[in-house]
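Here you get one chain, nothing else, as structure tokens; it is the form predicted alone.
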């Protein structure tokens, strides 16, 4: 078993891990990334591709999302493979008067925090998206909301990092981690032992299991999301879309069954397929779909685009979001474990926040201080 060294070792090959590898490699830092399966084989490969700014909490969360959206525009030009980035704008539709009041208040707050967003009445909404139900009361609209292909994004970030000197090892699981009083000593895989002065743990819902090797318990819980994929269709939806009920479900923190209230997310891919999602369920590591979950999504989607009642669903799948109790990721160093940096717990915001997360972690390692303070995302806030 060989010993291999690098400046930084990253565990996790989803969008967060590959973005971190890319931005570190741009700083000429030697990186090795370990992924136990295929790149984007976990949560990043089982979700939609929304870069949705309107769904972010006003303040630091929204500030990071705004910066991340700008970085995606740059990555679309920089990376050696297409990430299928599309900036078409996004809608949050209102189905009830309660939705209208809540969304109106949210829009005013987001405008004050720098997001370009406005309220559309039902007439303006139907002029923009004629296939939507005339029963909708209106929507908020931001021209900044965008979408990517998450699998393509992770693969392109990995290729970009490799071109800059990073070593990307798929099919390589971290089986054991040993530490000393000075920091992390060795990460052992089936084939080799790896040593690095810094280890970045970016393994999504697998993060707690790996962290336990170091005596840590990050409060990251799997939150299942089921998604329906339709047959390829002519254009039905020109923008990404959430319902106001979906946003309400996103920020429910009780440890219950999840979203059964009819909220929905929608996007139409370049190939014409619609991705319709998604539930938010605490079901452990169970990635199976359920009839009740899929029926909930289908009913909610047909209520927003009536033409979907006559459309074929070609497949369904489920992914596990890495949920934390306060809805924010865990980013930064862990004082009780020198040499370890966490970059996990993004829940449903991992795609949207991947570029800014990768860049901030790279700044933390290279410069000592990131351009956006990470205090609000510290591991210590839970301990």
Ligand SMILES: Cc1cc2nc3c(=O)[nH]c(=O)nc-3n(C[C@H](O)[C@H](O)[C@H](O)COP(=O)(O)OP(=O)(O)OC[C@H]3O[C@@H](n4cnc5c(N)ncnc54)[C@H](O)[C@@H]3O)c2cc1C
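What you see is a predicted model, and the numbers here were worked out from it, not measured in a lab. Residue numbers count along the first chain shown, from 1.
There is another form of the same protein, the form predicted together with the ligand; it is not shown, and what comes next is about it.
Contact annotation: of the candidates 65, 34, 342, 31, the single residue with a non-hydrogen atom within 4.5 angstroms of the ligand in the predicted bound form is 34.
Here is the short version: of 210, 93, 200, 301, the single residue with a heavy atom within 4.5 Å of the ligand in the predicted bound form is 210.
Judged against the ligand in the predicted bound form with a 4.5 angstroms heavy atom cut-off, the residues 11, 43 and 172 are in contact without exception. Heavy atoms of residue 320 reach within 4.5 Å of the ligand in the predicted bound form, making it an interface residue.
Shown alone here, residue 225 lies within 4.5 Å of the ligand in the predicted bound form, counting heavy atoms only.
Residue contact with the ligand in the predicted bound form: residue 16 places a heavy atom within 4.5 Å of it. Using a 4.5 angstroms threshold between heavy atoms, residue 38 counts as touching the ligand in the predicted bound form. You can rule out all but one of 349 to 357, 333 to 341, 57 to 65, 22 to 30: in the predicted bound form, only 349 to 357 has residues with a heavy atom within 4.5 Å of the ligand.
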